[in-house]
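One chain comes next, on its own, written as structure tokens: the form predicted on its own.
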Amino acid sequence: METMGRHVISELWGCDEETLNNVNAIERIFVNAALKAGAEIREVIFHKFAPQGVSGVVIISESHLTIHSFPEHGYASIDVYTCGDHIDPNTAAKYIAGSLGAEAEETIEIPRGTGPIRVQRPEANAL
């Protein structure tokens, strides 16, 4: 294993505003993303803010998936952090972006636990 973990951070723009404000939909998307990536889910916690927005986390044995949504801007910030080499965090991140209807995204991947940070950009940054 080259790294202790892989941390994918995505800025998602042009997302469906109703979905971004629906705590149940976001929770379902994140649970499904974790499962599609082959992760083992430990805890699921999501919170709906008033008047709008959702934040949440899916804790997985391999680390976590998180979101902070801003429906009024059609924007969500997400991150998917996995440890070990049997799960690709990009699988979950791409599933989330597609499920939120993101029209544009900017994604970086940071290898964790290897010393100095080397930011990597996955192949495709636009949907």
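Numbering starts at 1 and follows the sequence shown. What you are looking at is a predicted structure, and each value in this text was computed from that prediction instead of being measured.
There is also a form predicted together with another copy of the chain; it is not shown, and the following applies to it.
Taking the partner from elsewhere, Y95 is found to have every heavy atom lying beyond 4.5 Å of another copy of the chain in the predicted complex.
Contact annotation: E72 falls within 4.5 Å of another copy of the chain in the predicted complex, judged by heavy atom distances.
Though the partner is left out of this view, I78 does reach within 4.5 Å of another copy of the chain in the predicted complex, counting heavy atoms only.
At a distance threshold of 4.5 angstroms between non-hydrogen atoms, I110 is in contact with another copy of the chain in the predicted complex.
Contact with another copy of the chain in the predicted complex, judged by any heavy atom within 4.5 Å, is made by just one of T91, N32, S99, T66: T66. Residues from 47-73 that approach another copy of the chain in the predicted complex with a non-hydrogen atom closer than or equal to 4.5 Å are H47, F49, S55, G56, V57, I59, I60, S61, S63, H64, T66, H68, F70, E72, H73, in the order they occur in the chain.
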